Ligand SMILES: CC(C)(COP(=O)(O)OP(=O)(O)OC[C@H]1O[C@@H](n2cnc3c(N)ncnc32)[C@H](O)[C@@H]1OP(=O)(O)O)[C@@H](O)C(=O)NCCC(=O)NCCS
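Have a look below at one chain only, the form predicted alone, in structure tokens format.
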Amino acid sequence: MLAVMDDWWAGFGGADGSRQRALLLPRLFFQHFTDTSVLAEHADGGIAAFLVGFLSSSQPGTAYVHFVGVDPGLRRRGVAAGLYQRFFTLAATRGARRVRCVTSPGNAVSLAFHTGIGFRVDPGDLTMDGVAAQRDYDGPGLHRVTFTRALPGPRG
């Protein structure tokens, strides 16, 4: 994944941005969450999109989407929504009743995408850019918008 991230994020943030993205996806995610993460490939076998997610071990019934990336040439074509739907199905079959994720308060594209696929913004302790956010969620000054999406319960 790291091989495509700098290209997909168009070098955003330079070398520091590259290091920050790498820190968000350390090897442990690919060693320990491969059965709950989703990958889409181009016809030639190259990475087209990915979703890294897992079931929470400390919050039963909760799944978490940690990181998502889509080849810029495939954006706005339903690829990310398809990855999320596959993850929702997988998580629900393993007992999850809700999915959680976060984004940065100023990321209007992410906010619109997540609310568009059924996530609700959780209440926060401050408002940024008109959206409820969690103060210092990822450390001092690193405020985040948190989302929750309910999954369907068992049938029968």
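The term rigid core refers to the most C-alpha atoms you can superpose between the two forms while keeping them within 1.5 Å. Counting begins at 1, following the sequence as shown. Keep in mind that this is a model prediction, so the values were computed, not measured.
One more form of this protein exists, namely the form predicted together with the ligand; it is left out here, but the text below deals with it.
Q: Taking heavy atoms only, is F29 within 4.5 angstroms of the ligand in the predicted complex?
A: Looking in the predicted complex, residue contacts with the ligand do not include F29, since no heavy atom lies within 4.5 Å.
Q: Please check if G124 has a heavy atom lying within 4.5 Å of any heavy atom of the ligand in the predicted complex.
A: Residue-level check for G124: no, no contact with the ligand.
Q: Given that the ligand is not shown alongside this chain, does V68 nevertheless sit within 4.5 Å of it in the predicted complex, heavy atom to heavy atom?
A: V68: contacts the ligand in the predicted complex.
Q: Is G106 close enough to the ligand in the predicted complex to count, meaning some heavy atom within 4.5 Å?
A: Residue-level check for G106: no, no contact with the ligand.
Q: Residues Y64, F87 and R120 are flagged as a possible site; in the predicted complex, is every one of them within 4.5 Å of the ligand by some non-hydrogen atom?
A: Not a single listed residue reaches the ligand in the predicted complex, so no.
Q: Can you pick the stretch from 37-45, 92-100, 111-119, 51-59 whose heavy atoms fall within 4.5 Å of the ligand in the predicted complex?
A: The contacting stretch is 111-119.
Q: Even though the chain is shown alone, can you say which residues of 76-112 have a heavy atom within 4.5 Å of the ligand in the predicted complex?
A: Those in contact are R76, R77, G78, V79, A80, A81, T103, N107, V109, S110, A112.
Q: T148: CA shift of at least 2 Å between this form and the one not shown after core fit?
A: No; that C-alpha moves by less than 2 Å between this form and the one not shown.
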